[in-house]
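One chain follows as structure tokens, the form predicted on its own.
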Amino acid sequence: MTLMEAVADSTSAENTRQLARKLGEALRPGDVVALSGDLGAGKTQFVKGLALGAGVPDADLVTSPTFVLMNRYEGRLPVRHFDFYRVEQVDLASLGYFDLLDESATVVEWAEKAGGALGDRLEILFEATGPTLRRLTFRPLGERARDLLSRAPS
């Protein structure tokens, strides 16, 4: 079994949203996208684009759920957006992570705090390579995540 990895460079927040929108168009119920990277690296901008690709009508509806832990956005596919930045120990069951997993796409900011407990997921690492430049490394962990990455237009 070969691990497929992809890298994309983004030159702006808008470019990050465009990259994510393509992935969002390929999302299906049960897909999990796990985002990691420093503060200000573009994770929330990515979620905005991902949500647009999933049919959410307005990117302004997407806000980081840093204090509420989870937001839900309605589109052709519901998107659940978790943010674990302020969570010391992640207890996915008590957060309702597994409750609607098969009925929506799930995206998690600061996913590294949950470790492998997220299950099959597409991990995306955000690295700032300049004031507005970002490198995104896409790493599928599991068959479903490999399938998602293969369906997404490049």
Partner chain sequence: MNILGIETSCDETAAAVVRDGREILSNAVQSQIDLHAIYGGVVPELACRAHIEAVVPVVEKALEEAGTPLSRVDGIAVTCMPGLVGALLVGVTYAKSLALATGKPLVGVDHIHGHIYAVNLAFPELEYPFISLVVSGGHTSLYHSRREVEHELLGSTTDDAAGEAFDKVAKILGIGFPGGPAVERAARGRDPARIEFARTMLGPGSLDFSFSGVKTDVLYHVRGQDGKHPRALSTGEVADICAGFQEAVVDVLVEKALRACARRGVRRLAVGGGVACNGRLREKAAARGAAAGVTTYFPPGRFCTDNAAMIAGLGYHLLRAGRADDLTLDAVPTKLHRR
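Not measured: the values here are computed from a predicted model. Positions refer to the first chain, counted from 1.
Heads up, the form predicted in complex with the partner chain isn't pictured, but that's what we're talking about next.
Contact check at 4.5 Å (heavy atoms) against the partner chain in the predicted complex: none of 4, 14 and 119 pass.
The partner chain is not drawn, but in the predicted complex it has no heavy atom within 4.5 Å of residue 76. In the predicted complex, at least one heavy atom of residue 66 sits within 4.5 Å of the partner chain. With a 4.5 Å cutoff on heavy atoms, residue 60 counts as touching the partner chain in the predicted complex. Taking non-hydrogen atoms only, residue 127 approaches the partner chain to within 4.5 angstroms in the predicted complex. With contact defined as any non-hydrogen atom lying within 4.5 angstroms of the partner chain in the predicted complex, the contacting residues in 30-52 are 38, 39, 40, 48, given in sequence order.
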